[in-house]
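For reference, the chain that follows is the form predicted on its own, supplied as structure tokens.
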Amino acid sequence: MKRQSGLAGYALRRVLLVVPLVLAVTIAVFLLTSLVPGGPVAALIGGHATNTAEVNAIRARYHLNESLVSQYLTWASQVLHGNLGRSIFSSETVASEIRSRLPVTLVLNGVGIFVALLVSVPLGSIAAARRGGLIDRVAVGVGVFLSSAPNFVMAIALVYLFGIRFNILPVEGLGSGLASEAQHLVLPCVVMAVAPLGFMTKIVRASMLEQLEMDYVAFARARGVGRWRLYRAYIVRNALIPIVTASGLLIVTSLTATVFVEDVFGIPGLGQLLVSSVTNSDIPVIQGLVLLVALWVIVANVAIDLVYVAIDPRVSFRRLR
């Protein structure tokens, strides 16, 4: 009961610490328009030909005649109500653009990370248990190769092999219908899982080896504790701490891979939207995407912190204040 109250208090403190960070992020995102040559008006016009009347209308619509603080407060109030502005290129609301593309990006990231963990955790664990054996050497080789292979090389190789050479899987677009969409997402999900799989295999193996060399393992074996009980009750639990931390890094780094993968395979997700918005200087969309990614990273880090202290019984919450 005491530990549960400590965890709840720590969670509350972590959430409260996020508030100033989110505030700083919103200010930075708001100031993106000021970085464009010509200021906010040039950013909102997007290079399109216009006249003085249209410029004055844009300044009035976006409150550009007010002070910078007043402009930020107005923008932040709109963001809190889900209004991220309107795309210059498509004239659609930024919220609807993001909402329509978010599911496929979540699928790519979620499936990629899930597959990577599903394969790397048992592979790394078995490799550590069979240290120096054939499985260990294979696991180390696979980990080094996959974590070192650039995403664009892997994507091109898979496109050629499965899409052109053998024509087994589609390599462009998303298709229509559940079955077609699943087929179109196979290769992108594989590319998303490749680098994390290699990285996590090395992390899991190293973490498990560290635990196997601990004194408590030798004492438990001397008392006659069975191998599988020892693994299940002690080694795996203690090895989870660096594994969970590394998993949090995957959530963040997978976003960069998403941009490339969606662009290569022509998948209409947030990555492709970001590329097109940068190409078209669509500042409202860029602002919305940057804000979403920043919040994504913040929430992921808070979640990882909470999972970390939940699985580690040695945490002293008084020291975390």
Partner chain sequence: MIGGLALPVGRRTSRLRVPVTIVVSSVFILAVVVGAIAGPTFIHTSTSAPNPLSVGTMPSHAHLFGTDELGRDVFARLVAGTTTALTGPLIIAISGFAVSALVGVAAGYFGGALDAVTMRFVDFMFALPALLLAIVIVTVVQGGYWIAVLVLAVLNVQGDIRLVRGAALEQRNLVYVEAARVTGISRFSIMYRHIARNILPILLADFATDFAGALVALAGLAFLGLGAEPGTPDWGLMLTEGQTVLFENPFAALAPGIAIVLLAVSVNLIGDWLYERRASAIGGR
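No experiment lies behind these values; they were computed from the predicted model shown. Positions refer to the first chain, counted from 1.
This protein has a second form, the form predicted in complex with the partner chain, left out of what is shown; the following refers to that one.
Q: Tell me the stretch among 139-147, 175-183, 104-112, 75-83 that has any heavy atom within 4.5 angstroms of the partner chain in the model of the complex.
A: Among the candidates, contact is made by 139-147.
Q: Please tell me whether any heavy atom belonging to residue 15 falls inside 4.5 Å of a heavy atom of the partner chain, as the geometry stands in the model of the complex.
A: No, no contact at 4.5 Å.
Q: Verify the contact flag for residue 260: yes if a non-hydrogen atom of it lies within 4.5 Å of a non-hydrogen atom of the partner chain in the model of the complex, no if not.
A: Looking in the model of the complex, residue contacts with the partner chain include residue 260, since a heavy atom lies within 4.5 Å.
Q: Report whether the minimum heavy atom distance between residue 68 and the partner chain in the model of the complex is within 4.5 Å.
A: Residue 68: no contact with the partner chain in the model of the complex.
Q: Taking heavy atoms only, is residue 153 within 4.5 angstroms of the partner chain in the model of the complex?
A: Flag for residue 153 set to yes.
Q: From the list 244, 119, 159, 250, which entry has a heavy atom within 4.5 Å of the partner chain in the model of the complex?
A: Going through each option in turn, the one that passes is 159.
Q: Using a 4.5 Å cut-off on any heavy atom, which residues of 284-302 would contact the partner chain in the model of the complex?
A: Heavy-atom contacts within 4.5 Å come from 286, 290, 293, 297, 301.
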